[in-house]
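What follows is a single chain, given as structure tokens, in the form predicted alone.
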């Protein structure tokens, strides 16, 4: 029996604007198995960022059911949601959001600090993760000493800091040149092969083709895309 990490049923998201109700998501059904590498691809305005925000517990659906790792999100309070965001979801964005006055290692330690991890464990885990993403020799570099691709590697290591169930990537190669973008996607593939569940949001079909499963979103509706080679 499949181990379902994300189970969404009839997810609707509406916003009020100028006295009108705008329906951005129109009844999304989505299941993600643990260990999957899923790409959700769609153009600007398709609803993919809204869906990402709901998956990542940064927003809530207007209606529908979202069960993550066996927990109904509607049953959880703000503290429980914050705990899930910190412990179970790692975020990677188009912009790296590294703190400029902290080294690569100190940036990676941020979610561990908020998770109350002992400092000794933070130091060991951050070094381990930076080595995993190919940053072993640059742990003490500051963001302005690193290229965009290297900063994104630090951001990925930070996202993995608390051992999350899900790595959620929003246009992770959007600010990178093609060669560097390919390197980041290859890193995602390696992480997925090691067991990390990845959901990647992108507008780029070529980037999406690196995932093991592709869904296409258009006008708030979602459907199957082509299956990529594993």
Partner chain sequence: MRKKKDHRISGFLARRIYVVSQIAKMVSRNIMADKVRSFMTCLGIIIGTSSLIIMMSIMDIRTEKSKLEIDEAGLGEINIEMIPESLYFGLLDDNMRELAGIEHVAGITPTIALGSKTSVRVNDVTCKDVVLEGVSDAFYTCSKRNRLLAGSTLDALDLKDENKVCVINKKLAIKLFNSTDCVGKKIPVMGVDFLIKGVTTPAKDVKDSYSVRIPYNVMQKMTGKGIYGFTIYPDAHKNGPEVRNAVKEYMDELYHGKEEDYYYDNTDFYYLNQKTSEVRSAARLQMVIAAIALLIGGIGIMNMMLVMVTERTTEIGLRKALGSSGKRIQLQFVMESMMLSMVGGIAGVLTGIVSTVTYCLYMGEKIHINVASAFVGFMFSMAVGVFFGWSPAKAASKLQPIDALKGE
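Residue numbers count along the first chain shown, from 1. What you are looking at is a predicted structure, and each value in this text was computed from that prediction instead of being measured.
Form predicted in complex with the partner chain: not shown, discussed below.
When the partner chain is considered in the predicted bound form, only one residue from 204, 33, 29, 69 comes within 4.5 Å through any heavy atom, namely 69. Contact between residue 64 and the partner chain in the predicted bound form is not found at the 4.5 Å heavy atom cutoff. In the predicted bound form, the partner chain lies farther than 4.5 Å from every heavy atom of residue 55. The partner chain is not shown here, and in the predicted bound form it never comes within 4.5 Å of any heavy atom of residue 137. The closest heavy atom approach of residue 94 to the partner chain in the predicted bound form falls outside 4.5 Å.
Using a 4.5 Å cut-off on any heavy atom, the residues of 156 to 174 that reach the partner chain in the predicted bound form are, in sequence order, 158, 162, 163, 164, 165.
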